[in-house]
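Listed next as structure tokens is one chain, alone, in the form predicted on its own.
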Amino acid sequence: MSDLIQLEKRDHIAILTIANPPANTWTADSLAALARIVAELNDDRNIYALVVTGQGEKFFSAGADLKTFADGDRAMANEMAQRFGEAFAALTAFRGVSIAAINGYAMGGGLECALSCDIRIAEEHAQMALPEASVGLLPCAGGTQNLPWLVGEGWAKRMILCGERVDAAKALQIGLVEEVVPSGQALEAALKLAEGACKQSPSSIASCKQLVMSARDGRSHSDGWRMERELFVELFHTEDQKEGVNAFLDKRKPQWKNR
């Protein structure tokens, strides 16, 4: 595990902190560590939810350190693009619920990290942008694909093509984040939401997330409905299905096994 990524586990919740001050920038090592950590969390049946935040009060993450690309090294560019892609693809595919607690500036690869999470909570002072084109680059870690899905093509083009930065209030208005909280409260709000997710069957959550994400693949409604029925039946192979129904009938809290 990289020292640039801090991992804490609280009951069924994993808290991942991007810790590379002053701007919590991503490096090849921290991106590789992120991919490894998510893989390990997927294997940890006791973890149901993941919260991602930044160290300090000013930055969630400013993305990549531009010094990495200053000499125009194409091999380095290729390596970093691959590392970003692998890391955020792993985060997107996390089997549980992932929540970004955006505690400050989320720029470039920092915002792309938040976009890879299921839900985003921003503090009121947060600023968000994908400014890569202003320095001769482009978002290479899902920004051009994930942002339009959330905010629509028009706002995605304003942010990516025109370099428009949005504050937390505007981000909430356009659907970039789902909640805005006072400064210093994003992690607390994310943990509260994660605790709610942990009350759900983790087996059901994994299937539901798969179904929701599959809508991005352009499947027809009939294909989506077919997948729903198939995954519904597959849940009957899990212990969680039996536990959930019987706990309800017995008027007690379910004890999930995540299997």
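Please read these numbers as outputs of a predicted model, since none were measured by experiment. Numbering starts at 1 and runs along the sequence shown.
The same protein also has a form predicted in complex with a small molecule, omitted here; what follows describes it.
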Item to complete: Quick one: from Lys67, Arg216, Arg229, Lys192, grab the residue that has a heavy atom within 4.5 Å of the small molecule in the predicted bound form.
Response: Lys67
Worksheet item: Considering the small molecule in the predicted bound form, which of Ile47, Ala62, Val38, Ile205 comes within 4.5 Å of it through any heavy atom?
Response: Ala62
Discussion item. Can you work out whether Thr238 and the small molecule are in contact in the predicted bound form, taking contact to mean some heavy atom pair no more than 4.5 Å apart?
Written reply: no
Worksheet item: Would Ala186 show up as a contact with the small molecule in the predicted bound form if we use heavy atoms at 4.5 Å?
Response: no
Worksheet item: Contact between Pro148 and the small molecule in the predicted bound form at 4.5 Å, heavy atoms?
Response: no
Worksheet item: How about Arg165: is it within 4.5 Å of the small molecule in the predicted bound form, going by heavy atoms?
Response: yes
Worksheet item: Are all three residues Phe84, Pro131 and Cys140 in contact with the small molecule in the predicted bound form, where contact means a non-hydrogen atom within 4.5 Å?
Response: yes
Worksheet item: Can you pick the stretch from 91-99, 169-177, 109-117, 149-157 whose heavy atoms fall within 4.5 Å of the small molecule in the predicted bound form?
Response: 109-117
